[in-house]
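Single chain ahead, written as structure tokens, the form predicted alone.
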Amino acid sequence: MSVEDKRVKRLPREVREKQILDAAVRVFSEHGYHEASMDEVSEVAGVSKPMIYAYLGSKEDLFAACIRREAGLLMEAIAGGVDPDLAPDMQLWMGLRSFFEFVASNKQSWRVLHRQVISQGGPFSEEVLAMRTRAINLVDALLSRVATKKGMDDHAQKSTEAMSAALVGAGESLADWWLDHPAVPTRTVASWLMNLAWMGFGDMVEGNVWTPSAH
């Protein structure tokens, strides 16, 4: 074992794991799951491959661990950015801003969470599905409170989960588009989605619901 490995082994477990996961997110985001190599993760992390296997398992285990960590960090950022004492529209706005600010500051993380997982599917998609469900529940709770406060009927109140799923999906797609158009400011891209979502929902809670014509 090298002197460097001996030095790294004295680090606390959580520090070693963060070191490895940070490197893995970088390598997976740049090369994708199949093209990424444990040799490169080892080189970027500055630790030996046996140490990676000992603490985080196989390449598949490592990729799953990256997804879990990055999904957790994303949800913490969104939930932490929402002040429950604000008006509902401001709560949603702050949540959207927190989401896009996370993506802006963690582009490698988002590539792993969205682009790489979509391309791989299988067991990895379950981790992202859990994250998406948490996000939908967070938005649904907000919309449900507004619907109840505005006295909307039961049918309209039940639609909040579906609309929340649509909003989360739109946010993911817009963030993916944004990766290819980084010149657009964070506040601008967040305001686009806010206007698309809230202006429509705002009309709905006021009873201004669109219906198709007889034609």
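None of the values given here were measured: they were computed from a predicted structure. Under this definition, the rigid core comprises the largest set of C-alpha atoms superposing within 1.5 Å between the forms. The numbering used is simple: start at 1 and walk along the sequence shown.
Just so you know, the form predicted in complex with the DNA exists too; it's not on screen, but the next bit is about it.
Chemist: Quick one: does residue 30 come within 4.5 Å of the DNA in the model of the complex, counting heavy atoms only?
Modeler: Outside the cut-off, so no.
Chemist: Examine residue 199 and determine whether its closest non-hydrogen atom to the DNA in the model of the complex is within 4.5 angstroms.
Modeler: Flag for residue 199 set to no.
Chemist: Within a 4.5 Å heavy atom cut-off, is residue 47 in contact with the DNA in the model of the complex?
Modeler: Contact check for residue 47: yes, within 4.5 Å of the DNA in the model of the complex.
Chemist: Check whether residue 178 has any heavy atom within 4.5 Å of a heavy atom of the DNA in the model of the complex, and answer yes or no.
Modeler: No, residue 178 is distant from the partner.
Chemist: If the cut-off is 4.5 angstroms on heavy atoms, which of these, 64, 168, 189, 51, is the one near the DNA in the model of the complex?
Modeler: Of the listed residues, the single hit is 51.
Chemist: Can you say which of 181 to 189, 34 to 42, 65 to 73, 168 to 176 gets within 4.5 Å of the DNA in the model of the complex, counting heavy atoms only?
Modeler: Contact-bearing stretch, as computed: 34 to 42.
Chemist: Could you run down 52 to 67 and flag each residue that has a heavy atom within 4.5 Å of the DNA in the model of the complex?
Modeler: Residues within 4.5 Å: 53, 55, 58, 59.
Chemist: Does the C-alpha of residue 173 move 2 Å or more between the shown form and the other one once the rigid core is lined up?
Modeler: Residue 173 C-alpha, core-superposed: shift of less than 2 Å.
Chemist: Is residue 38 among the residues whose Cα moves by 2 Å or more between the shown form and the other one after superposition of the rigid core?
Modeler: Shift of 2 Å or more: yes.
Chemist: Superposed on the rigid core, does the Cα of residue 49 end up 2 angstroms or more away between the shown form and the other one?
Modeler: For residue 49, whose C-alpha is compared between the shown form and the other one after core superposition, the shift is 2 Å or more.
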